[in-house]
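Before any questions on binding or motion, here is one chain by itself as structure tokens, the form predicted on its own.
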């Protein structure tokens, strides 16, 4: 009795662990976006209003307002940044953008994505494998492809958490950690973000080179979208190795937003190529907007690949997918795979192979 229940118990443990990890990831990225709520009522906006009123009533404000216009003059300072400028207003302009529309609309964007996904799941539920699992599997992704995917995905999550916490931290984390605690965390988060960014960029570029051939749009994708991609309704439109939705994620998310984020990230990470303050401020703004859009897009990608579609995640965890899943979601790819000589393998055979490899390894003499 106990032996028959062991697989069920293991499955339940793995399922509980998996959803716990998913919940932690979603909450850790979504929670900072709640900062816009606190931002609307925080003292920062009161200070800004007081500053504006002071400009209107204090005669001395006129002098500083004129100085901050950034007009030319003469100073003894040399360098490419603020030569002959008494006061540079670039930082203040960036602060107002960051504390105003960037936090407000960025927060709304991420919260809206989470709410939309939750409503969609409540209305449509999980897309299950019709007819159940066949017990036969085929190779979906090779080991090096899965390594690249998870390295890039985990790096993306860490960068998203550190980036969002720095963006919204003034309103979300300071009330929790205090000013000193947040300052210590912010220094660590900034260093992690800056050092991990270049490694993540290599992963994104490798993904673009490796998977571009699978993501060339064709007429099949048009029909895929016309039929709701198999996500809306009960139709199962044909698809190759990558369907239309995955191609949109590749070109809009990984390629377009990815390259924008990488380029602006390098401008910010290596400010020793003659960048001016204006250039850095523009790069900050574009980097933050592209990252927020990419994170919101990622929520949808992660949902479809985990909770939204039964059996999809197995391709990136085990490297193999059930044949019924392949026929339902990527029939053209499955037919091509079989035509090229790929033979489905049963779960029992895979288990015997694994046990055989383990026994063979255990039987080898140690060195």
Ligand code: HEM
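Numbering follows the first chain given and starts at 1. Please read these numbers as outputs of a predicted model, since none were measured by experiment.
Keep in mind that the form predicted together with protoporphyrin IX containing FE is not shown, yet the notes after this line are about it.
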Q: Could you work out which of 182, 120, 266, 250 is the residue within 4.5 angstroms of protoporphyrin IX containing FE in the predicted complex, going by heavy atoms?
A: 250
(Q) By the heavy atom within 4.5 Å rule, which residue out of 114, 102, 157, 138 makes contact with protoporphyrin IX containing FE in the predicted complex? (A) 157
Q) Hey, of 148 to 156, 222 to 230, 273 to 281, 190 to 198, which bit sits against protoporphyrin IX containing FE in the predicted complex at 4.5 Å between non-hydrogen atoms? A) 148 to 156
Q: May I ask you to state whether residue 323 is within 4.5 Å of protoporphyrin IX containing FE in the predicted complex, using heavy atom distances?
A: no
Q: Report whether the minimum heavy atom distance between residue 308 and protoporphyrin IX containing FE in the predicted complex is within 4.5 Å.
A: no
Q. Is residue 254 close enough to protoporphyrin IX containing FE in the predicted complex to count, meaning some heavy atom within 4.5 Å?
A. yes
Q) Does residue 90 make contact with protoporphyrin IX containing FE in the predicted complex, using a 4.5 Å heavy atom cut-off? A) no
Q. Is every one of 211, 298 and 312 in contact with protoporphyrin IX containing FE in the predicted complex, taking contact as a heavy atom within 4.5 Å?
A. yes
